[in-house]
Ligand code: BGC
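A lone chain, given as structure tokens: the form predicted alone.
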């Protein structure tokens, strides 16, 4: 009998344990976070808010070492590490975290900006595609590869609006327009995070830099930003709101002060807008050392005050300044920072670690077999080539120099970037992949040229002041049927801390172009850069120009595809190209004035330069094709709408040329009379359409209250009744169809 009772007791105990385990497994992530928080000491909580560089590759000035990082991880003093890539390295660091008291796993962050092992075009180039599925796919592949390399978190996308091409980080974003920038922000967040955190091919995205970093005064990196709140809300915040709505896991502070308050301690940005009005549930990380840099701003006296200002303003994780790890405990003891404030920040970080599944398996992203199988697959290589082709902008093509005939006897390839390989990756690329797999222009042309003979001459280096190589280049060109010139910047001339006051084509490159043009041969210039450059003589005299940016691993193949017409370019500029630096900042969606200039020659007491046209060299939205497109038959569903109604606008788009091609048809609106005033035009829609020669498609745009609303001076999101100008065309300065409609107070009949 006793034996039976014992067996029954054991069975009951096993059942209770099983039920308890099931209950534990069924706990929600918030419950698991709260359980863990209760076990943590204050020191362990503060450790979760501390992110240090892994000494793999620094992205800023390295702070003084305070001891072994691995020992600090074992003590629970570090919650995240950046610049550690590869499963071998991430596993070693995670091993140290598993020796800490509570075994809280580390987060591994990395700047996966435009690819991991396979490098895609720089983000500004991808933005030129105006192709959201392609941009999302690029981020999806980057995330898949990065996750296979042990990375949990990418510091991308950068969604800063940039109207100043002198700013080096313009290459990292989507250009000047908030509508286009918002769509691209959404695409990139969806691409990085895939079907959701916890999947082995998803990494946390990070919308940066919050906020208005792209408006740094003078285009000088890290500089101050001073703007009206209405400009902030209408131009610079929309892509961040789009990223938050898309589910971005994290945000990053910007380096700049905004109207006198550094972003790292800006409670208006973090508490009022991001975590308050927008309801953001992820966490905010500082940029490299930006919390400590508030001392240089003159905002605080020391790191103690910096930590106090930043944590209370809503910055959850300190990247590399060590202000939190060294000062938060004392700030709590001094009753300047509450434990509940610390808990809120820790809670946000732990939540993401649980969502990634790191508590279930800290090494789940450190699988050597998966790393080997996922990187550099043929599918990824082909996707990189496709994205590169989609990013090339045809700026000019007089006399139909392009596409090249496959019957040419010889082609001269001239310029400092003809055989360049590593340069094709551009700034913010990782040295993870095999550089021998990067395709130069020369190699791409070798694959495509068939029996055509390729002649090569450098002519000059990128920043040369010497013309010693001109004679050889001239003689080479004279022996060719067509000349292709590969010109541009070095990759380290555009990027973080790479602002330039002079954005002309560097060195004597334009002089080399002039010398080759003197041969009388047909010339095609390829411009490789991370920003809009100034190249007025080339723009005025060279018959064919392709802006190829930095296209990544498959650059050479993509350029050859476009040069030979195997791919018809359809990209459009996402940013305005100035005639010279004196026009900067220059952007299409500006306000009118009381004395607007009517054309470039109207300088008589108007808002104009007396020595330079007002118009840009190449406008926002500009980009040609090997074919031509006709716009016709504009029609409205109705010409009057009330605030809660919508109208549709349709027109016919026809391919009127000889080649199949894509056109990005663009919709711009302008409210004619408004208080406050509105820009002369604003992009409010576009469609990218593929058409065969002679084919016509009807394109339809829907216009509703959202497209007509704006912020007034009280930052209220309003609509005002009145007349709206409607413009549809191929670029912001190439409007093909125009009409108007009206918004009325009462329902239209």
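Everything numeric in this text was worked out from a predicted model, so none of it was measured. Positions refer to the first chain, counted from 1.
Separately, the form predicted together with ligand BGC exists; it is not shown, and the next lines address it.
Just one listed stretch, out of 564-572, 351-359, 606-614, 285-293, contacts ligand BGC in the predicted complex at the 4.5 Å heavy atom level, and that stretch is 285-293.
Taking the partner from the other structure, ligand BGC in the predicted complex has no heavy atom within 4.5 Å of any heavy atom of residue 234. Contact check for residue 481: every heavy atom lies farther than 4.5 Å from ligand BGC in the predicted complex.
In the predicted complex, ligand BGC sits within 4.5 Å of a heavy atom of residue 82. Shown alone here, residue 130 lies farther than 4.5 Å from ligand BGC in the predicted complex, counting heavy atoms only. Residue-level contacts in the predicted complex: of 252, 106, 325, 544, one residue has a heavy atom within 4.5 Å of ligand BGC, and it is 252. Proximity to ligand BGC in the predicted complex, taken as a non-hydrogen atom within 4.5 angstroms, holds for one residue of 464, 581, 496, 423, which is 496.
Contacts with ligand BGC in the predicted complex, taken as any heavy atom within 4.5 Å, map within 295-325 to 319 alone.
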